[in-house]
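Given as structure tokens, the chain that follows is alone and in the form predicted on its own.
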């Protein structure tokens, strides 16, 4: 993208019907490190790629607890994400104080989307440069939403945002039909596989990824590095077992093929060495 006469403020439309500053905010989300979400009948899992700006600094926090039943993962400008997370926490507290019940996930998502949309209609404001994946649980079950800087929002069974998210999306699209019946552990493993796809050549470890879970009778919690590392090790163990099974199956097929060829050759030699007269000779 490049500067032009139609991107001086967010309220100026281009002749093509575009708001360039909103598109720039959406591009900021694409430049951020990846965030992934997926859900089953009982749980929602969020996973993020943690990247530091330099070798001397620590990574920025990308998983935030909003309430016991809601949490978010973000991609883009984390400073904008912290502002939105504080707003979401305030809304949850106010709702619980007035109605003495948890705020429904869908209602909170709509409120955040409305807040983001206002920034696209005020010339003295700029859009939030952050995308959110909202995981929550209410009376209707687990939910996974995505909030966009434009004010749009959608509910998903599985989704990924941020840089290199297309590789994670490809994995999710290939496996999403099995997610609804998955257990909590299986869902976490799928999330880690998707994170690994977005990392590409980098090695997956508890230092460069984060995972959070919320489920029925389970409050939103961010997994500690020790627990996360145990899941990553189980992934490697399962991969090695699968490779061993595949190699064993290949060896069995090769041995069966050799036996079959040997049996065929013996049958030919017996026929050739038989001295009894054939029907033609008789």
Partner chain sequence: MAWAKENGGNNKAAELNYVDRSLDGPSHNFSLMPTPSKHTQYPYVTGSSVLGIKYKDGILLASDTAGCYGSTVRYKSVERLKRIGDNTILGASGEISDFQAITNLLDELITEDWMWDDGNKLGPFEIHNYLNRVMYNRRNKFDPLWNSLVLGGIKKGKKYLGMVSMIGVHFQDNHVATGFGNHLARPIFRDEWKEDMTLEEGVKLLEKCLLVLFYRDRSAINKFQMANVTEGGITITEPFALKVNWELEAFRNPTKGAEGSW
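Residue numbers count along the first chain shown, from 1. The model shown is predicted, which means the values in this text are computed figures rather than measured ones.
The next section is about a form of this same protein that is not shown, the form predicted together with the partner chain.
The contact residue chosen from 139, 173, 181, 203 relative to the partner chain in the model of the complex is 139, the criterion being a non-hydrogen atom within 4.5 angstroms. Interface residue among 82, 115, 126, 107, judged by heavy atoms within 4.5 Å of the partner chain in the model of the complex: 107.
Though the partner is left out of this view, residue 100 does reach within 4.5 Å of the partner chain in the model of the complex, counting heavy atoms only. Within 4.5 Å of any heavy atom of the partner chain in the model of the complex lies no heavy atom of residue 121. Shown alone here, residue 91 lies within 4.5 Å of the partner chain in the model of the complex, counting heavy atoms only.
By the criterion of a heavy atom within 4.5 Å, residue 154 is excluded from the residues contacting the partner chain in the model of the complex. None of 161-169, 188-196, 107-115, 128-136 except one has non-hydrogen atoms within 4.5 angstroms of the partner chain in the model of the complex; the exception is 107-115. Residues of 169-186 that come within 4.5 Å of the partner chain in the model of the complex, judged by any heavy atom, do not exist; none qualify.
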